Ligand code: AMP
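Just one chain follows, in the form predicted alone, and it is written as structure tokens.
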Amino acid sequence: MGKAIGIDLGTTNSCAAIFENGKPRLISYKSGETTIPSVFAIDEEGNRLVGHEAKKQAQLNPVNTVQASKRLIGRNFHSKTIDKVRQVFTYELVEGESSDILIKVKDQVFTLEQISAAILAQIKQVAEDALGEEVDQAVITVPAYFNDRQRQAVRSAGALANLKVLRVLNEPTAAALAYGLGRNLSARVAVYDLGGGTFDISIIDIKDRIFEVVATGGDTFLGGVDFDDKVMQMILQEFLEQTGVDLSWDRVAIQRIRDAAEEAKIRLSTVSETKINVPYIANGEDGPLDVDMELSRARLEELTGELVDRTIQTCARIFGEADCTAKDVDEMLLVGGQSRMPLVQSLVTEFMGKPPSKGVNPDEAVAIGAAMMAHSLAGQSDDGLTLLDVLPMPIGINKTDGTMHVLFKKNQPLPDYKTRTLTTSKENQRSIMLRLYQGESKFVEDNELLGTFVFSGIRPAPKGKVQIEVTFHIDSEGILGLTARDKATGQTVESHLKLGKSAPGEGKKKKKKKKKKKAAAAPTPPPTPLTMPTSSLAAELEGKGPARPEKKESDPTAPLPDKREPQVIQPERKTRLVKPEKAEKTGFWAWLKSLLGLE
């Protein structure tokens, strides 16, 4: 049997660690890096690239480069959360047969599990090269606020990467494991985890080798990439004011500016001012134009303060759910790269009444904790490590009035099970359908549809005479399963899961109408200039820069009639951006390839 490792599968970067000779250590590339960018791409020659190689060419190939895919994994194509972010990505999203999200790259369609599997396979290969042994087992971490479908998807990705997933472990819990390593603690800690794409807060009691989660919560759409976007928006707006050129019309320019924004944000954690310089970003009337501006830490905090405030508000809510105050918590651990931001540390100190702990490395703690758990679960240790986790969000079934009947409450200790009895409503009914949801709203339409369970092969009988006892069980990872049996005969009832979108007006009585065959949903193309979030900048700057096309029947500032089929309206003005065909003449692409080391 091969080695077992811990993997921190991140939104922007991933890393792995192993526990050997009584100590954990990060696994590094031959070049010395301990992280791999969570990026997948297909280049112009059709080669599949992962990690550093994929990120290196992202500026030249943004449409065929998949970044931050963790935000989409396990989601339904029609969920409200996807509607919020679908048009931010530069790659094409396609609806699958079961309303799952597919990604189209270079005329090839991939599932989110396949994208994550490619990243995991790269990590596996790097680990095998570094250790000189086969790696076939892993503990993979996920945000504490991931729902059942997302956890299942990560497990599937691990299997596709030829890894036996020993456990899907919550990131804050993994960090707590790293913090408690060999310290024989008896303490209550709070883990503030602000990573590249998600935010989690968990309150955990540590008693020697027993780690018990008291309460957890978070936001799967709040992370470092949102801070980068704030800086990027500022750069685009200032550049438009200075030059009259709207760079949001050029995806290559957008990618270069996003990278520059991220680098500036990182530098401002250690310095008070920094320069942002992106040369040769567009052609002006007098020649090439550069992005050249200064950004101060104070300005960055002004731009992103609302995001940090959101994390503090979530902390206050979770502390309330745990029925404790900051005084009841011994330490606040900061995890995730974005937690290095001075404003984060300042507001956490203010909230807690004391500085956060320096007991863990924000970038390494999650992978190290996962490695400890992998070492224990693989039978390579008899350390008696015990984890007692909780359910991050309620799970329930739909009621006839559109509300959710909660089966498992939020912060329910795991594992757990519940039984419910279903009965037939028609003569000789042979199947029963049951939809399951997860989320914190009392209305099912605002929660995530986990899937529709269909119980089939029910014995023929008058309506109401057959009773099916369904047992819902959630394991220690927060993953849901169920079994069903006929109460009268004791025979198991066959069940299978159908994934798909919920019907409009879920749970409400509606008049029967003849079903009309719907046309297949069209793919969602990458953002166009008029659908990109930054494309409204010119309209906001009255009298500054080139005007937008006159509003006609299709108003680019009005809501799109169908978000899955955005209208592409060509501008009536000429832009002064660097176009690929012109760039070849100016030598721009050759210059940029040289700058990025792609020659």
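Being a predicted model, the structure only gives us computed values, none of them experimental. One-based numbering along the sequence shown.
Form predicted in complex with the ligand: not shown, discussed below.
Using a 4.5 angstroms limit between non-hydrogen atoms, residue 217 is distant from the ligand in the predicted bound form.
Although the partner is absent from this view, residue 396 stays clear of the ligand in the predicted bound form, with no non-hydrogen atom inside 4.5 angstroms.
Among heavy atoms of residue 415, none comes within 4.5 Å of the ligand in the predicted bound form. In the predicted bound form, the ligand sits within 4.5 Å of a heavy atom of residue 336. Heavy atoms within 4.5 Å of the ligand in the predicted bound form are found in one stretch of 209-217, 222-230, 435-443, 289-297, which is 222-230. Although the partner is absent from the chain shown here, none of 167, 390 and 478 has a heavy atom within 4.5 Å of the ligand in the predicted bound form. 266 is the sole member of 385, 82, 160, 266 with a non-hydrogen atom lying within 4.5 angstroms of the ligand in the predicted bound form. Proximity to the ligand in the predicted bound form, defined as a heavy atom within 4.5 Å, singles out one entry of 407, 117, 307, 341, which is 341.
No residues of 92-122 lie near the ligand in the predicted bound form, the criterion being any heavy atom within 4.5 Å.
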